[in-house]
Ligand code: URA
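The chain below stands alone and is given as structure tokens, in the form predicted on its own.
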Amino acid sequence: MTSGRPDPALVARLLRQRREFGHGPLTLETLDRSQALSLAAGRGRASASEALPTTGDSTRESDDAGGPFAPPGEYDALREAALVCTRCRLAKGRTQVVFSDGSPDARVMVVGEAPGANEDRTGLPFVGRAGKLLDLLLASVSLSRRDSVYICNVLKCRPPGNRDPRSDEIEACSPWLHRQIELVEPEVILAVGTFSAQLLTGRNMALGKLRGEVYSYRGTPLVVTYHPAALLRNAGWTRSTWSDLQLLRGVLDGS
């Protein structure tokens, strides 16, 4: 570009990128004239990328030259694409992607936080002691992953050493989850654990303050509760979890 005029297509792409990365509005009043013209004119790939805040050392990719990431809109294609995802650093250390378990036609979707060692080994979410406890909790309200529950996690790859998910990893991986919810169309979502609850409610609060009420995720009822692994460490949360499951059951029964 030699005229110095802003390229409307480039500006539109930049704004789409900012929305995809979760940034707020771009306020041109904070830029001087030369900075604004340089940004709008897109003088080199570096000048456009420098205007966008970074999110750590993730290796997230876009699906085209700088465009927003849009996961496939058909379930089988979504799963196949997720299984080879390299959108963040976790792809380098995983054994396999942990996409889901249960029925895609389920009434309830359980959303956990991230795979652990057993999940990374088997490719299935919620196996081992926490998975067995989750199955018992679901059975207590007449639900099972075999025919009425779909189970997945916010992150599809195991964080090293089972550490907490990082914000840029959640940002890179959450489009897969949002598309899963869109395609499964559950009657109600059960978010287990802090990271799942905060992402789906959009509230940065402790889980103990979030639980106990019904939220809405894009029109779908949402209940949050403690992660089964947390219950194994603190049995004192069992009564609260039972109350949350009764709340979930009430939503399903229309009461």
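Values in this document were obtained by computation on a predicted structure and should not be read as measured data. Numbers for residues come from their place in the sequence shown, where the first is 1.
Not pictured, yet referred to below: the form predicted together with the named molecule.
- Residues with any non-hydrogen atom within 4.5 angstroms of the named molecule in the predicted complex fall in just one of 77-85, 175-183, 114-122, 136-144: 114-122.
- At a distance threshold of 4.5 angstroms between non-hydrogen atoms, R211 is out of contact with the named molecule in the predicted complex.
- Of all the residues from 150-173, the single one having a non-hydrogen atom no more than 4.5 Å from the named molecule in the predicted complex is N153.
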